[in-house]
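So this first bit is one chain, no partners, the form predicted alone, shown in structure tokens.
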């Protein structure tokens, strides 16, 4: 099956869900979310059978004349699976969050305004999947904007909530600004090389044609593109939107932003930087730029998270901090080999572990928001006494985010530090150690609230069936992959 069928099926599913929601009248809209999850699982089952244009130049690919815009390698397959799994979990999270969605869209007793919330993540998923296979800057930009425009709607979806509307405005304004940087940077790259095809750019930098490329203009374009992509991944200096948007957006949207948007930004960054890191002409300046961004992002994200009292806002700064670790892996500039992981592979492994930990935390946070009507750290007070099993699961997930050994989070951070040591990035390593130590403080501050503070009048928190199953699977996976990460590594081969 040609790989582009995966995106076609995903888009078709999203449109069918929107049509069905519009013409099928029912009191509850949960069926839309269930249908979306089942449809995405069905598409996920087809990914092992997908083939790219290189594997089969005939059949389905012969009928598609634009295959030069599309690539399908192991990394592309990995990120398609990543996008599908993330979207499935976000849709399931939204089903259990529909009480809050109903309260701030129509009224508490009606779900009439919530049906689209389950279909829009499916359309965003198709954009993420296209990004994973983009090999041309024009196609990559269109796919990225499909993701971004969908998030504009999802962030401001709770139209009767002032915080959600404020978050939507901030995300829209800064998103438009980052798009300007991205388009301007692509224009400079195109003006310097005469093409937006990343394979052709790599060829120009490797042979004698590189002498005709104005290096200053090309590096300026690369810097502008990195600023634009910094918005998507939450890196300094385009990180200012994250805390307010994470706090104001619906919790499923925040989870999707934290994992899905970040992953789509990084896969585009990996594809974009590949030709420039392969050429000695541009490799040095680009690695220095990524290193500076990594240090600034690590310091800002971790140190700004320390005084936070709102848990959702804390997770926003935590997201910035993790972007710093991911940039540190890219700053190492390690090529992948048969015997070792390169920077792109380490970023992928880190994001896979980040998916497990972060979405598990958001499933619990969503129910605390519903049942205790708050998202502050104090709303987790005494959770260890009222629901020890749930508190234990959250403790494991937060410990993994901090990088405690024998958890999946430790594997990701260990691989990043290993690459940085091999590359001799000692200044960045020192900053990363400080950042990791700060992470232990603010994550374990939540653990202290759960186990050492009395619950007072806080309501008892119990998880619905879907959330309970997802938290159990994600927590167990966090522990299993902390000891046995081979399944994640196998997906990259």
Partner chain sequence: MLALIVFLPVVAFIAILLGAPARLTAIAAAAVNLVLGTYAAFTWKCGCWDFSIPVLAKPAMNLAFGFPDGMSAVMVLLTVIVTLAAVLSGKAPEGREKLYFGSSLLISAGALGAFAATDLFFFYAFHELALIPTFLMIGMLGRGDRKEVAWKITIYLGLGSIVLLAGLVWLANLTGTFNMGQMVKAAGTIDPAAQKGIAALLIVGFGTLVSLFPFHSWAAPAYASAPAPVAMLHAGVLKKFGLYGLLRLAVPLVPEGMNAWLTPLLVLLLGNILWCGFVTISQKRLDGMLGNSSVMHMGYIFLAIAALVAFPENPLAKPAAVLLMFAHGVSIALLFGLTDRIERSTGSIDLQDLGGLAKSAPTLAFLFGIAAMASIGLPGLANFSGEVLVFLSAFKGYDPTKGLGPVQIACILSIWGVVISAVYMLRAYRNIFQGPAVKSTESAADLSLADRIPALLLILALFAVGLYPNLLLNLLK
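Positions refer to the first chain, counted from 1. Since the structure is predicted, the reported quantities are computational estimates derived from the model, not experimental observations.
There is another form of this protein, the form predicted together with its partner chain, and it is not shown here; the text below is about that form.
According to a 4.5 angstroms non-hydrogen atom cut-off, is residue 436 in contact with its partner chain in the predicted bound form? It does: once its partner chain is placed as it appears in the predicted bound form, residue 436 has a heavy atom within 4.5 Å of it.
Could you tell me if residue 70 has a non-hydrogen atom within 4.5 Å of its partner chain in the predicted bound form? No, residue 70 sits far enough from its partner chain in the predicted bound form that none of its heavy atoms falls within 4.5 Å.
Does residue 476 reach its partner chain in the predicted bound form, with heavy atoms at most 4.5 Å apart? No.
Flag residue 463 as yes or no: does it have a non-hydrogen atom within 4.5 angstroms of any non-hydrogen atom of its partner chain in the predicted bound form? Although its partner chain is absent here, residue 463 would stay clear of it in the predicted bound form, with no heavy atoms inside 4.5 Å.
With its partner chain left out here, work out from 261-269, 405-413, 321-329, 371-379 which stretch has heavy atoms within 4.5 Å of it in the predicted bound form. Stretch 405-413 is the one.
Where, within 428-448, is there a heavy atom within 4.5 Å of its partner chain in the predicted bound form? Residue list please. Heavy-atom contacts to its partner chain in the predicted bound form: 433, 436, 437, 440, 441, 444, 445, 447, 448.
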